[in-house]
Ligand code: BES
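The chain below stands alone and is given as structure tokens, in the form predicted on its own.
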């Protein structure tokens, strides 16, 4: 899909539809009045009479009847201004584009009029690209429900911003790529297939790539990952893709950011078998891996002046004859002994070894993304990711990156009182059955393996896939949660590394969100 900036009057554009944003309780802005006059005042009338209310995801097309060059005018809602953040703004444009595709529009123009401002460009582009996503069907002879938009024309967002449009489009496409990987069946996207995807990314950008199989994992002591994958006929993989971006910085800046993803390509729960009702969706337990691999693809393409690695612990968690058992004690790669009380608490196990692998390869800052706990849905729901961190300064960067990316995270506390809950009678720590604070405790388990380095854990168990049909303002199905956050974090840390931190616009995050 082509996205362009236009300086011509909106009424003169040769497009199938011209879209105007409206917020709940707001009238047409001054910039839209010329269009309203050309349309005979019908747009203002629709808003004034509450025939169109501006609710988020409300999309109303009207025929232009030859009054202007565009064939249709679309009013689309942003919701209440006091609720409008980057995530909701992207969601509104996601719905606008999906509706436009349903109606068969090939060329769509979006007006940057109130309440949208220049700082909304990034969110508008990313949200529009997200709206092009369609889960790939394996049905034969099935016609697609929605058609493809060939071009989106942006009007009123300013001139000379083509580089920003390209970057935002890349962010949206990376998120959609993660969504497709999330949706891939477990028999297609196996641990080895995930390693092949990582290898293709590395080859595309001439990056360092390392894939450890069973023999190398055993030699390196990655017994937690081996234990989780032990019940499957498809052996686990430890995948590392590294982008060397600070070679021009010399020894002055030795920052190495590790993006670490949980890559359980199918999770049956192992011996602690899950209930069958929703097990078919457990193909998405590699959502963290999808996010970090999509992110490093973009990071490498932009040649950021920062060393970044993506580390993925990939495995199938199956109840085969060689599966690990509840009650087993396993020695982790960093030497800690772990009592396995529940084999379905496997994500923290593979991430523990993944953090160790990242540290062995020089990581100085760590962020892991994982569909880790069902408790995250209870704690925060599908509208955001839950998080914990051991470092306030690093967390401030992560939180700022989440706002810039329109990829919500909410930090939960790590209280010292909880540490006793990790204790085991026969090992250094246990992997489950803490009794309370499930999302926090999952993160605290992982923190034991961070080596004291600045670290953040993002639990995307709920945000990665919205199953709540009533929660209509949050993207349904796979969301690619964490992808844009990782890209933004690397961008911010690279600016800091080149002494241009903070950038002049770093604090100019409007209510509409960037």
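None of these values were measured; they are calculated from a predicted model. Numbering follows the first chain given and starts at 1.
Omitted here: the form predicted in complex with the named molecule. The next part is about that form.
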The listed residue (126, 407, 346, 368) that reaches within 4.5 Å of the named molecule in the predicted bound form by any heavy atom is 346
Residue within 4.5 Å of the named molecule in the predicted bound form by heavy atom, from 373, 169, 400, 255, is 373
| Distance check, residue 434 to the named molecule in the predicted bound form, heavy atom within 4.5 Å | yes
- Using the partner position in the predicted bound form, report whether residue 456 sits within 4.5 Å of the named molecule, counting heavy atoms only. no
Taking the named molecule as it sits in the predicted bound form, is residue 342 in contact with it (heavy atom to heavy atom, 4.5 Å or less)?
yes
With heavy atoms only and a cut-off of 4.5 Å, decide whether residue 282 touches the named molecule in the predicted bound form.
yes
**Request:** Run the contact test on 293, 303 and 484 with a 4.5 Å heavy atom cut-off to the named molecule in the predicted bound form and return yes or no.
**Result:** no
Given 238-246, 155-163, 261-269, 306-314, the stretch touching the named molecule in the predicted bound form at heavy atoms within 4.5 Å is 261-269
